[in-house]
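Just the one chain here, laid out as structure tokens, in the form predicted alone.
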Amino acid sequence: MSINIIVCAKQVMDPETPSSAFSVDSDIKQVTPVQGIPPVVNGFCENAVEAALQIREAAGGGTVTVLSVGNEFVMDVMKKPLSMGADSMILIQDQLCENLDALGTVNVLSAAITRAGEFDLILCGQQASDWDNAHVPLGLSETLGIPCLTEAKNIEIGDDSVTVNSSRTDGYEVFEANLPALITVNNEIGEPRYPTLRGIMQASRKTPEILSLSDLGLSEDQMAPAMALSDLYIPVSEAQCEIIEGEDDADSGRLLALKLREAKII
């Protein structure tokens, strides 16, 4: 059995960036890139790549194509899925893709997927660490007219169907859908594999296909945001903390109760 998988991946600001280095340009309502700290592939997207590789291995053959939308890609960063074992990569790089909202991203991805040809499965990360909206996979499945199964912790492929264990707070639910389908993956699918030296060397010899919006037949009007960002800022915390210390735990509790009563909290 051979299976063709498309994995949608996103380049994001490193979520481990220290808060002291994080800043927002209030004039253009954008996060300011931090000098010296390169971006990364979104964590859940790496889980999706790992899931795709596991499925290809279990099927005994197939292809894994990584697809990303953005601008100013850092190639050493974006090639990580290739060094993990993905077969090819398509990058939609355009100035208009700099700050797309979910609808604009869906329009670009759906056009790129349609251009790429037939597929059996689309895998996406559960959400991206920059905005945490989780809107794109749902919009993409609606646009392409295929079922969407979310929060997958396990994926099993049949002859013409897919079965998914979807994570829930108290366990999981089992869903089945016909192929082709779109699945969002969480980190319970398994840790992304480390690129091997051989994988890194193979990735260095692979050249991603880079397309613009005009290559996809998309116009600037189709990139117009459906939502308007009214403001973007870093919250300011003005809370004060007071440490209550007593002679022992019981005395500390008594003093805390007195303090709360004085503040009319209890």
Partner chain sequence: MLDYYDVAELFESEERQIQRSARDYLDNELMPNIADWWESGEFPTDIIPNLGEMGFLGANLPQEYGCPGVGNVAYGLIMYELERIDSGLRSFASVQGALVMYPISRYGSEEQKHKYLPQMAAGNIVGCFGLTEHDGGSDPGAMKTTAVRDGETYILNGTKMWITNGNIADIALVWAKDSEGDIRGFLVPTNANGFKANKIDKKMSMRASVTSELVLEDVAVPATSMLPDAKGLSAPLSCLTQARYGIAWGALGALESVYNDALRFSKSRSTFGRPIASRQLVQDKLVDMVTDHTKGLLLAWKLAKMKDNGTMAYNHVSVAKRENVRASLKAARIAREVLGGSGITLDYSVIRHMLNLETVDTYEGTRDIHTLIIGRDLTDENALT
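All values reported here derive from a predicted model rather than from experimental measurement. Residue numbers count along the first chain shown, from 1.
Omitted here: the form predicted together with its partner chain. The next part is about that form.
*Asks:* Counting non-hydrogen atoms within 4.5 angstroms of its partner chain in the model of the complex, say which of V77, A116, L179, A134 makes the cut.
*Replies:* Selected option: V77.
*Asks:* Which of S26, S204, T32, S214 has a heavy atom within 4.5 Å of its partner chain in the model of the complex?
*Replies:* Among S26, S204, T32, S214, a heavy atom within 4.5 Å of its partner chain in the model of the complex occurs only for S204.
*Asks:* For the chain seen here without its partner, which of 101 to 109, 157 to 165, 78 to 86, 142 to 150 has a heavy atom within 4.5 Å of its partner chain in the model of the complex?
*Replies:* Contact-bearing stretch, as computed: 78 to 86.
*Asks:* Contact between I234 and its partner chain in the model of the complex at 4.5 Å, heavy atoms?
*Replies:* Outside the cut-off, so no.
*Asks:* I'd like to know whether P225 contacts its partner chain in the model of the complex, with contact meaning heavy atoms within 4.5 angstroms.
*Replies:* No.
*Asks:* Is T196 close to its partner chain in the model of the complex, meaning a heavy atom pair under 4.5 Å apart or at it?
*Replies:* Answer yes; at least one heavy atom of T196 falls within 4.5 Å of its partner chain in the model of the complex.
*Asks:* Please tell me whether any heavy atom belonging to I200 falls inside 4.5 Å of a heavy atom of its partner chain, as the geometry stands in the model of the complex.
*Replies:* Flag for I200 set to yes.
*Asks:* Using the arrangement in the model of the complex, list in sequence order the residues of 9 to 45 with any heavy atom within 4.5 angstroms of its partner chain.
*Replies:* Only P38 sits within 4.5 Å of the partner.
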